[in-house]
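Only one chain is shown below, in structure tokens, and it's the form predicted on its own.
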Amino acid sequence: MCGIVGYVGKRPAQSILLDGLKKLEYRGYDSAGIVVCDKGQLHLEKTLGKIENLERAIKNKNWQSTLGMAHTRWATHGKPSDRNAHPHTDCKGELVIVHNGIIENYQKLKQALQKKGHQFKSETDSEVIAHLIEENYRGDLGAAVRQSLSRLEGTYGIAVIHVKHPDVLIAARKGSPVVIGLKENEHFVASDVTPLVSHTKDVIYLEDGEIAEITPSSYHISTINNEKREPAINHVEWEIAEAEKQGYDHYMLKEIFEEPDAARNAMLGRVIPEEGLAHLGGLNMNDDEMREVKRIVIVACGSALYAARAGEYMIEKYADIPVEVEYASEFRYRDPVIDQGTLVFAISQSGETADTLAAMKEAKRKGARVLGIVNVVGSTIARESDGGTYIHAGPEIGVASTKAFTGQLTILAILALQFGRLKNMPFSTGQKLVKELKTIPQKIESILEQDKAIKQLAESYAQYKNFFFLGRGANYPIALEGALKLKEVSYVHAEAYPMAELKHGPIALIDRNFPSFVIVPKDSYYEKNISNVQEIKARDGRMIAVATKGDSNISNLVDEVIYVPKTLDLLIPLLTVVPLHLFAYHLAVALKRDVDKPRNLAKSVTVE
């Protein structure tokens, strides 16, 4: 959430900054702003709403300054408005900041600064940073920033410029990502690499407590205590075309159609069919250490949590290891028990999810080995974990996660195989599992061939205001994922329940105006699921079934059927989730929602 772009170099900054903001739109925002510094003067514009509003406001400005910053805000303190939008200035209008994160002690700092005569213009916590730096400024901007940051409590990713330092851009981070882009005679700052890759592939990821002082020709990284750092330079592997729509109407649809590749890429070089083995090399654990694992705890949020819950079934079945899946946002507040033999996994698409990071740090404080499962290379979870694996799904721009979810499920299946073969899984079972895993991408492609039919189905259900999503076993988390996707992108109310729980209260809501998605593949739960379907049918409830291809019985019991290919029971979630993603997308389009940028949501949730 929130986006930062900064530039210092030889080219006019205005178009670079606006283009960068557009590439950060997927993070979610409600207002936008831009500032450039030119000949001892700040030129600043802020607008409520979309970046197009900001573009119109500065259309005829044609600023030629080569130093500037831009920001998209997702409201935390103070409602969305022009005055609460970033950037924020000091009293004199000489210094300007943009900020991602939350300053927890801003009220105390604000009161102290007001007593000293500082005049605040916004309701935000962020503005206090500008006034604090102004209060500490004595001609050395870097020193003033360091002194000010030492007084802040909370999280921040910031960028700062000052009219008296016309070729200096300062950036710093604590808990909110900041990336420095490197290029000859120009440098960039951003909240992630997406706006940078069209300019440079060489980047530095700032660590917590680090400050970067950047000019067109140089950069210096130090700590708040002014201790010099020699940062690693990372090379971004993906191309900007991977983050573009490539002819699809929305990023979400493009990324759903990339789910087969997400599964393929997650498996690439990691499974050995002839031996029925798997190997995730980045775990930084040898075979003996893996055999000693007695319990696994997985922390995650949102869709990643539901992938983890499906993975729980896989790991317990194939590896015979107890698994607990925890809301990352609750994990550290309940004093979790971490004993010897506990391995913790943190799952996050962005690798920057604040709640998941906090849970990871709590687990490490309690002595656990923590491994990350992330998509974004160089992200904070990837850097701060003891090991882990990338899902290699490529950039995911749509706010609602789809292909990353498939990648996470695939990685969890591979983990189940790797742990299982190190323990008691027979060779034949390992071979069978790998063989089926390798067929999953092609089977997902066969489901995507039903896109037009699912689109027509979604359009026919666009008038309904409520949905149930029902499943058993590993498909209950898929029901949760289906309900979440529908809520996220269409704003239609949806609830998910284990199939058998319907009769313990929720069945009171069933009628012709409250349809249910029932996930009823031909698995070990099939007969019990059919009994529950009969209960809904007896109450005149409408039903859409996700069923196994060849099941002719189900069409006699429900109103609509979407078929998926047959596979192993615990791999079925990799298939049943795909029609739910497509249905949510097409229903949202039918309702004319902003699919890629749903209201109130952000792609990377970097505040708790």
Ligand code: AGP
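Residue positions are given as counts along the sequence shown, with the first one as 1. All figures in this text were calculated on a predicted structure; none of them were measured in a lab.
Although not depicted, the form predicted together with this ligand is the subject of the following passage.
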Contact residue in the predicted bound form, from N265, S122, T342, S350 (heavy atom within 4.5 Å of this ligand): S350
Among the candidates S303, T155, T389, N84, the residue which, in the predicted bound form, approaches this ligand to within 4.5 Å (heavy atoms): S303
This ligand contact at S191 in the predicted bound form, heavy atom, 4.5 Å: no
Residue contact check: I414 to this ligand in the predicted bound form, 4.5 Å heavy atom: no
This ligand contact at K485 in the predicted bound form, heavy atom, 4.5 Å: yes
Contact of V271 with this ligand in the predicted bound form (heavy atom, 4.5 Å): no
Interface segment, criterion being heavy atoms within 4.5 Å of this ligand in the predicted bound form, picked from 513-521, 113-121, 477-485, 85-93: 477-485
Contacts with this ligand in the predicted bound form - residues in 374-405 whose heavy atoms fall within 4.5 Å: V399, A400, S401
